[in-house]
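Take a look at this one chain, the form predicted on its own, written out in structure tokens.
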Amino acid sequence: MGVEGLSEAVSSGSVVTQKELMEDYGAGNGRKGALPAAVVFCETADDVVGLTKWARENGRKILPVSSAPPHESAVVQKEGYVVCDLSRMKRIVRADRRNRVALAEVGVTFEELDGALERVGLRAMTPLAPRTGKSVVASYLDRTPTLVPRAQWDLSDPLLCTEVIMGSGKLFRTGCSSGPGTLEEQWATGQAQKNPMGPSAFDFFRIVQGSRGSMGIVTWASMKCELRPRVHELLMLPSDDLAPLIRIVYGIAHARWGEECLILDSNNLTRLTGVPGMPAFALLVGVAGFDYRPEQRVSYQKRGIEGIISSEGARVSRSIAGVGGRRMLQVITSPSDPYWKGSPAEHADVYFLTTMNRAPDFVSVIDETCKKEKFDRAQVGLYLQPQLGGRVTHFEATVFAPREEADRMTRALAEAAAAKGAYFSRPAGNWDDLAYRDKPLLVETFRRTKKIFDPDGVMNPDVLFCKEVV
């Protein structure tokens, strides 16, 4: 099946069919995959609409991609797909300091957004050392955890309003951006596209978020931002035991102190910094001061956090294995190039939600599973990220090994974690079925919803819960 008529459906010159250029999206990325029939570099919403309508008419499937290569999970698995590459959609439409919100197209990366926000005294809510070229909107759509639990009120944060092209080819806007009026007319009346709920009583963005491009293609989104600190420090607490760090995290969260707050193990710390000899675990807590009396804010929060730490018989370290707080803060908040985890062929992740007090149970699960599978435990890195002000924790295990071995181990770890009650809110990899296991009503609801918004099944229909919809 060819791609006749595709060039006429989208902007001239945006269609690529050269094999060597398409390998980044399928068989050439370190995973087993298939080459797409074509790659379309969409630059406007009209391009996406044209591609979607062409796909409906020609029985094609669309895989949306918005980050720069290499692509870890957004890869073509079967023949017959056309890739919708949105990475050229680079406009940062608005940066609003008064409302602490930005509106950017889907191809904007963290380094690009943060550079623009710096000029107005804002900063983006970043994940842990994202790879250079990672799309901000794609990260938020995937609910990748950000580093500041104090600033998160809902698991959908910091994503707000979106512009979506549905599988029918219709353009739809969610939240308060849906109207009345154009974006410019809304800005003129003081609106800032900050309320994600709606239109009316229908929160459509929750259907799109986490759907891996199977419910629609997002072209831009508004997102929460935070003030850029005038004073910013990082407190570091190394420990051979995870338990006291957990109690300290709960104390800090209860007081609503600090900014960044996360726990890393020695393997991840070494890979992030390139420095060996790291402790078994380390708690990293950022403290910041903003526009008004920044030094005073940092001073009293440091005293309070250090008091919580001293109650556990511990003390803050000025450096860890020779890495000081200033350097560590830069490492965890800045995009990494080359990516600290390595290429997609060199690692695989498994992640889930739990509560911080249960983290030691899952560490034991990982230890036992590695022993059972005869896998070197030192090749597994751990990352614990409190979310929602500390009420829930993102638990992430990264297996650093060649792809086939990494996939085998992540599946084994995911199975063992599921048996212990892990909640898989972001299904991915070869363990995505665990999120839907024994939940037939949930799967049927997803399938019926997709049938409404993508009646011909053109939007990434091979996502697990979408199979056999059409």
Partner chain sequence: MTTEVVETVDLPEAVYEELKGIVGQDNISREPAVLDTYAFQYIAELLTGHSYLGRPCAVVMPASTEEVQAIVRLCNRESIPYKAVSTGWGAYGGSPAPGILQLDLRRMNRILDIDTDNMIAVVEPYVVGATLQAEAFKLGLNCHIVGAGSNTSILASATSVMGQGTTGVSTGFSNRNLLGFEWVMPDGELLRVGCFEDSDEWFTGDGPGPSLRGIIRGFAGAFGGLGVFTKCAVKLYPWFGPSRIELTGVTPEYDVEMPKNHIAYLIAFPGWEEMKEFGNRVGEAEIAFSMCHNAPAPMIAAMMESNMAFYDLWKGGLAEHFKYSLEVVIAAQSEDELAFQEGVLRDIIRRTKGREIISSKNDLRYYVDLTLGLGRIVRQAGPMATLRTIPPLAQFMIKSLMAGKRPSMFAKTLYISLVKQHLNARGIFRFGGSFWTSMGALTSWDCCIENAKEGEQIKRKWIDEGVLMDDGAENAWGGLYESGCYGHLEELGVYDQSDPICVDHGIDFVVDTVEATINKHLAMSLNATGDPFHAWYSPHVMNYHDHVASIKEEFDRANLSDASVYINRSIVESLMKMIEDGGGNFNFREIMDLANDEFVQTGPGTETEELAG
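Residue numbers count along the first chain shown, from 1. Not measured: the values here are computed from a predicted model.
The same protein also has a form predicted in complex with its partner chain, omitted here; what follows describes it.
Checked against its partner chain in the model of the complex, the candidates G322, G179, G307, G274 yield a single residue with a heavy atom inside 4.5 Å, and that residue is G179. For the residues T144, S156, T132, Q379, the 4.5 Å heavy atom test against its partner chain in the model of the complex is passed only by S156. Contact here is defined as any heavy atom lying within 4.5 Å of its partner chain in the model of the complex, and by that definition each of N195, Y292 and R391 is a contact residue. Residues placing heavy atoms within 4.5 Å of its partner chain in the model of the complex fall in a single listed stretch, namely 183-191, out of 183-191, 276-284, 370-378, 109-117. T449 belongs to the set of residues with a heavy atom inside 4.5 Å of its partner chain in the model of the complex. Residue contact with its partner chain in the model of the complex: Y383 places no heavy atom within 4.5 Å of it. Put simply, G421 is close to its partner chain in the model of the complex: some heavy atom of it is within 4.5 Å.
With a 4.5 Å cutoff on heavy atoms, P69 does not count as touching its partner chain in the model of the complex; it lies far away. Within 4.5 angstroms of its partner chain in the model of the complex, the stretch 437-453 places a non-hydrogen atom from each of K439, L441, L442, T445, F446, R448, T449, I452, F453, taken in sequence order.
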